[in-house]
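As a starting point, one isolated chain is supplied in structure tokens, in the form predicted on its own.
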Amino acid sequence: MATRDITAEGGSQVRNALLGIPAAYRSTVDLVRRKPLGAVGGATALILIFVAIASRLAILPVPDPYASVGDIFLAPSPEYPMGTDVIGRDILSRVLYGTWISLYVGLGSVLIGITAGFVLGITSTYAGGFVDLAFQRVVDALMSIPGLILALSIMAVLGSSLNNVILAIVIGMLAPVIRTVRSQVLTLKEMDYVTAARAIGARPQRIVFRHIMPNCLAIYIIMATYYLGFAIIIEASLSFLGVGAPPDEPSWGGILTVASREAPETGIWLLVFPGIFIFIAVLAFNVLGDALRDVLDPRLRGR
């Protein structure tokens, strides 16, 4: 039976090679077929990334987000689709540029925070003993503080800047990431192939990098997509409270701060458009993360 399965698998690989279908393309098609909602989330995420880069490079056909372009508090019109704000700046250009700020903070904090939590969680858990015990008590202490409160405290000490926002979000996400990775590593440590590697005298570094870490990559990708939406919300919350991005930066949270003061007297559109972009971005990354979890987690592939 095993020989027959291997032969069938080999024949499938040969057919795919003859057809010239790249593995990445097949995986993408499989994701679209099995998880259409996740595919929509992935496409939306790619569009947001393109908008962020295009806004940063100033290649979009919109006015300067920092300059006044007309009268203040203009209602949405063909010339200004999202209206203008308190000093006559085009809201559309500011919202589009805010995509760059949100994704810069989100991707930066996720890349640093998830990677650091991933490495620390695997290392401390595999070490075990006193190292794991002491490390987890620090994690328990961090998890006892709500993420937003911790981020606010850090920003109050460091001051407003995008890099400080990234640092605050990284510190806030470390504890839950380490705890999630730890639960995965505790299971992998007891697997037969890890026991066999120890029995033949493999060094701990080899076991971690060759046997444990590759089997945690799926959870790394899943956590990255989830915490990207989390980071966008935290950045918008900090900017809304006035301790995130500097006031002159057109972040989504900063736009909402101004709109919350002026919208009752001028128009609700000041609140609607940045709120819609926050909703779309967070929803896109969340549904993409759910789809990747279902596809990459072996326990859920048959569902």
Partner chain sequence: MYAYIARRGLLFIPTILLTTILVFGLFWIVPGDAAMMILTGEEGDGGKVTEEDIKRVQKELGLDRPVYIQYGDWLWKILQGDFGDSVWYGTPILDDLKDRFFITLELAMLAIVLAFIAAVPLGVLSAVKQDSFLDHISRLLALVGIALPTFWLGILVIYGLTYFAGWLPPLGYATLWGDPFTNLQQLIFPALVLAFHDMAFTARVARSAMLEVMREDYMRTARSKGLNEWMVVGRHALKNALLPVITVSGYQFGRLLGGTIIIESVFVIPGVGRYLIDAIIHRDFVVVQGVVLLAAAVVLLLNLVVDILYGILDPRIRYS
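Numbering follows the first chain given and starts at 1. All figures in this text were calculated on a predicted structure; none of them were measured in a lab.
The same protein also has a form predicted together with its partner chain, omitted here; what follows describes it.
- In terms of contact with its partner chain in the predicted bound form, the residue from D71, D192, D140, E79 that brings a heavy atom within 4.5 Å is D140.
- Comment: its partner chain is not present in this chain, but in the predicted bound form one of P146, G201, G129, P214 has a heavy atom within 4.5 Å of it, namely P146.
- Residue heavy atoms within 4.5 Å of its partner chain in the predicted bound form occur in exactly one stretch of 225 to 233, 120 to 128, 204 to 212, 107 to 115, and that stretch is 225 to 233.
- In the predicted bound form, none of the heavy atoms of V170 sits within 4.5 Å of a heavy atom of its partner chain.
- Interface residue remark: L292 is not counted as part of the site for its partner chain in the predicted bound form, having no heavy atom within 4.5 Å.
- Its partner chain in the predicted bound form is approached by S237, whose closest heavy atom lies within 4.5 angstroms of it.
- Contact check for V62: no non-hydrogen atom falls within 4.5 Å of its partner chain in the predicted bound form.
- Scanning 280 to 295 for heavy atoms within 4.5 Å of its partner chain in the predicted bound form gives V282, L283, N286, V287, D290, R293 in sequence order.
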